[in-house]
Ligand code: IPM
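Before any questions on binding or motion, here is one chain by itself as structure tokens, the form predicted alone.
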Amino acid sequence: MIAEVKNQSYKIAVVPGDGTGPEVIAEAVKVLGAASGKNGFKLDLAYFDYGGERYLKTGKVLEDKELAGLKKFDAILLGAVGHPDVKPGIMERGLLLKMRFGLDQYINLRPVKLYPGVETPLKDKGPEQIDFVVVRENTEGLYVGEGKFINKGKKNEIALQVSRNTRKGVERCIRFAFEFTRRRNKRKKLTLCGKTNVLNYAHDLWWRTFQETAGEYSDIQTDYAHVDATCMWMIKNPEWFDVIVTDNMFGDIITDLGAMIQGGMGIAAGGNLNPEGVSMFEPIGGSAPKYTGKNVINPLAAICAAGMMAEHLGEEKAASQIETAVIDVTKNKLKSLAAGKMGYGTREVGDLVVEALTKQ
């Protein structure tokens, strides 16, 4: 097939990260290269060494000027961040949260989709039943880091952690979720996940905003579930969900549950979106340092993240081809998604996806 000539070029910041991050990102870039060649657009890639290794060498995580430099790109492709010799919290706050907050990536988008050939721990559930998306508010709530200690270290110690939710932040997340549900055009059902019976300030704001915004979307069916009930129904009847919208903390929790029912961290990808700015795409799993350099880690989550990035950039055809190729590989090639049990190495799985993509 002759590639469509577009002469469109995208500037992509690539942050391979730590551990197995560089290995899976190499495969994602390989697949992106094949998709771009097939569809007539170009990729202008710039690599950055942000992560644990750099921090251990220089003491630097992500400087303000470096963050400002990322705003010049069309998108960011992130591997995984986390180093066993770096104290927990340093990379998370200094790099991941700093990028999300500094680039105002106020939406975390997490597809939960079971592909053919992938095992799920849910009995009698298949791809027809597990196909929904979580829209998570990404820059507010408990993750703002607002709070304090009173009498720290003493027997009467008190720790205060504030969940800060603004009308602006809540409304733009909910409105994005309604628009996304409409574009997705499947069941056209949007579920608000919260805890209105206990969190009577923050989630009262979420509930009122959800109800008011729903009035503008008569074509979208709305629903509500407490977060504990949401977890229960995700296991018992995942087919009930189309799109779920929720706050930062609850979104963090239920998306990991979602990753497990779609087959594990090896297939789960997500996007941190600023619809008006620079968005970042990543595999959900960690850096898995014990597998570093062994060519056994599953690269499909990173490849799926690259597909999400292509769709976000407007290259819907390329994104569809990447997903179709991944499905071909999970259905017909892999023995398992687990590291070392796939039947192929990391690089070989990337080659299989490229082969399936080029045949389309």
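Sequential numbering from 1, following the sequence displayed. Remember, it's a predicted structure, so these values are computed and weren't measured experimentally.
What comes next is about the form predicted in complex with the named molecule, which does not appear here.
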| query | With the cut-off set at 4.5 Å between non-hydrogen atoms, does Leu96 touch the named molecule in the predicted complex? | reply | yes
Can Arg100 be called a contact residue for the named molecule in the predicted complex at 4.5 Å between heavy atoms? yes
- Task: Using a 4.5 Å heavy atom cut-off, state whether Asp252 contacts the named molecule in the predicted complex.
- Result: yes
* **Touches the named molecule in the predicted complex: His203 (any heavy atom, 4.5 Å)** => no
From Asp219, Glu276, Glu92, Glu157: within 4.5 Å of the named molecule in the predicted complex by heavy atoms is Glu92
The one residue among Phe132, Tyr143, Tyr106, Tyr115 placing a heavy atom within 4.5 Å of the named molecule in the predicted complex is Tyr143
Among 186-194, 135-143, 160-168, 119-127, the stretch whose residues bring a heavy atom within 4.5 Å of the named molecule in the predicted complex is 135-143
Near the named molecule in the predicted complex, with a heavy atom at 4.5 Å or closer, the residues from 269-286 are Glu282
